[in-house]
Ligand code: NAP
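Coming up is one lone chain in C-alpha cells, specifically the form predicted on its own.
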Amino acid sequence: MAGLLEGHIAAVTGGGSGIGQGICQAYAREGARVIILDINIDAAKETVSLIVATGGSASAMKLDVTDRQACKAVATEIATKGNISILVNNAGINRRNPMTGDAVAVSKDWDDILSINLDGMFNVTHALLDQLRATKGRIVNIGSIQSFVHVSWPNSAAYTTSKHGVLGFTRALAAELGKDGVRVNAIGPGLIETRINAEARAKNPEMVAMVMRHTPLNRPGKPEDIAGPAVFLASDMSAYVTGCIVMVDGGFRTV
C-alpha cells in the first residue's frame, strides 16, 4: 500500500546511515517529505541523494543532538517551511566497557552515551514539541533489546541504562501527550547489520554467535527490517497505538 505517509513532514535524527537511513528512505517512499538531521552533514546529504534519485523529497540539516540550543535553532528553521508531524529519535552511539575498567574511559563513555542517547532524545523532542502538538504528530524512539535485557552484555552499563531510559521516556510521554493527540512509541531492534557496527561484528564473532543462538529467525536484521515497523508507527494504521515498544529482534527475547 503506497502513500501511507502522504502529506507528512518527518524529521529523523541520525538519518545519515544505518537504521536512520533505512527509515528515511522508507518514509520518502510512502510520500513523506523527510528532513535528515545528522551531525555528519555529508552522510545526511548522501541519504538525500538516495531519496531524490528515486523520486522522493528530502533535505539535510546538520545537528548535534547534545546541543540544546542547536536543537531549538533547527526547530525554528524547520517551522518556516512547515510543521513536522513525525519525529524519529534514532541518533545514538554504543561503546562497551566494563564498570571495573579504566576509570577515565568508563566515565567518558557514560557521559557520551547518556548525552547522545538520552539527553539528545529529550533535546530534539522538546524543541519540536510545539510542532508535534499542532499537527497531532507521532514520535518514534529507537530503543533496543537492551531496553529490557542486559545479562548477555555485562560490559554495557551506560548503553543499557540509556536504552532503558528510551523506554521510560516513551511511556511517560505517551501518557502525557495523549490528550493532545500525539502518539509516542518505540522500536526495539535486535542485532542489525550496518556499516557502523561492521568492524565490531568482525572483531567479536562470539558475540554475534551468542545473539544468533537466541534468535529464532537465525539471522541478523537489516535496516529495512526496522523501516517497516517505523512506517506502521508513523502512519494512521497505528492510530490507536501509543506507549508501546515494538520488538524487531528476530525473536531474541523469546529464547
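What you are looking at is a predicted structure, and each value in this text was computed from that prediction instead of being measured. Note that residue numbering begins at 1 and tracks the sequence as displayed.
Form predicted together with the named molecule: not shown, discussed below.
- Residue 194 belongs to the set of residues with a heavy atom inside 4.5 Å of the named molecule in the model of the complex.
- The named molecule is not shown here, and in the model of the complex it never comes within 4.5 Å of any heavy atom of residue 183.
- Heavy atoms of residue 63 reach within 4.5 Å of the named molecule in the model of the complex, making it an interface residue.
- When contacts are judged by a 4.5 Å heavy atom cut-off, residue 137 does not count as touching the named molecule in the model of the complex.
- Proximity to the named molecule in the model of the complex, taken as heavy atoms within 4.5 Å, picks out 39-47 from the listed stretches 39-47, 211-219, 24-32, 52-60.
- In terms of contact with the named molecule in the model of the complex, the residue from 86, 158, 128, 142 that brings a heavy atom within 4.5 Å is 142.
- For the residues 93, 105, 73, 175, the 4.5 Å heavy atom test against the named molecule in the model of the complex is passed only by 93.
- Residues 14, 16, 17, 18, 19, 20 are the members of 9-27 with a non-hydrogen atom no more than 4.5 angstroms from the named molecule in the model of the complex.
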